[in-house]
Every structure is written in C-alpha cells, then in structure tokens.
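First, one chain by itself in structure tokens, the form predicted on its own.
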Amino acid sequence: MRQLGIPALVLDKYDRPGDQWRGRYKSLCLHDPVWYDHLPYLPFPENWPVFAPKDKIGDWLEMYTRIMEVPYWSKTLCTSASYDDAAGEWTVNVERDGEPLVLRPKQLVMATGMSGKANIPNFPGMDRFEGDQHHSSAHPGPDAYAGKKAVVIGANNSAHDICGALWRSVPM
C-alpha cells in the first residue's frame, strides 16, 4: 500500500508476524506451488521448497514485514467496527497490548482468511463423547494419537494433511 501512496496499518492479535502459521498443526505447508505464492517486491529464493512448511512461511512473513517496513501492530485485537455514513469513516475499537484505542479509517479490510474462526459442526452425541474433539486450528499433531483410533471430519487441505500425518505415525 505504501508503494501506492496509501496509508495503511496491519493489526494482528498475535505476538509476531507469521505466528498464525507457526501455531498451526505440525504438518501444515503451503498447498500451492511456491511460484504462485510470491509476495510483492520480494520473491522467494530460487532454492525455496515447492511446498513450504508452516514455520518457514511464518519466518518469511516476519522477515518480509520488517524488510518491507509494513506498518504492523502486534498484540492488537479488533473488538468492534462500525461505519458512519455521514462522516464517511469507520470507527474501529481495538485493544493494543491490553490498552483500548479507537481508530477512524476511511477504509477497512478484514483479512481473517478462511480459518479466521473455527467452524465446528454439531453432531448428535458430541456432548456425550468422552474422546478428544477439536478444530484443525487446535490440532496438537499426530504424536498425541499414537496407538489410538481417530476420525477426521473435513474435506479441505487441513483434513488431508492431518489424515496423512496420522497415517504416517502408525507403526508398520
């Protein structure tokens, strides 16, 4: 945005850029080949993995934010946002490192991604099931399920990754 002369500010509830990636399940990686995932002005190196692992992406995002001088506030949570037609601006209430603040931007982009909020379906009997139930965003990795049976409900990349990691952890 700075290259276009547009003032912008990135708010993130996590401690560092890339922590959203670092905090996910162990086997997470990009599902698009690296040549589709370059960021503006700073492409990935030639020797970058075709399907980069999550921690590598997290580190890249942190480095990119620093090198590109992205205006970035960590530990900042948006608590509400409303648009004022008369003023032509948003009122955005945030907590930055525990301190309440009000921002008044003209534009607001909510970039929470597809997994910004865990979507857990409700199945009959869930309340009585005594085993572990969690969303992929809280998946501890396959080691927690060694010697156990597991059911993964889902049809996207995370379900595929988790199933593959569980399968690979089964002793042959």
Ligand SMILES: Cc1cc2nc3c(=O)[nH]c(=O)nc-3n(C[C@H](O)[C@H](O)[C@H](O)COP(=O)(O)OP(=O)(O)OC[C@H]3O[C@@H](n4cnc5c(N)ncnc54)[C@H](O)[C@@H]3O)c2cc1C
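These figures come from a predicted structure and were not determined experimentally. Residue numbers run from 1 along the displayed sequence.
Quick note: we don't show the form predicted in complex with the ligand, though the next part is all about it.
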(request) Answer with one of Ala146, Ala118, Ala111, Leu42: the residue that has a non-hydrogen atom within 4.5 Å of the ligand in the predicted bound form. (result) Ala111
(request) Work out which of Asp132, Asp127, Glu69, Asp32 lies within 4.5 Å of the ligand in the predicted bound form, going by heavy atoms. (result) Asp32
(message) Test of understanding: in the predicted bound form, would Asp37 fall inside 4.5 Å of the ligand by heavy atoms?
(response) yes
(request) May I ask you to check whether Lys13 falls inside a 4.5 Å heavy atom distance of the ligand in the predicted bound form? (result) yes
(request) Consider Ala81 of the chain shown here, and say whether it contacts the ligand in the predicted bound form, taking contact as heavy atoms within 4.5 Å. (result) no
(message) Each of Trp21, Leu77 and Ser158 having a non-hydrogen atom within 4.5 Å of the ligand in the predicted bound form: is that the case here?
(response) yes
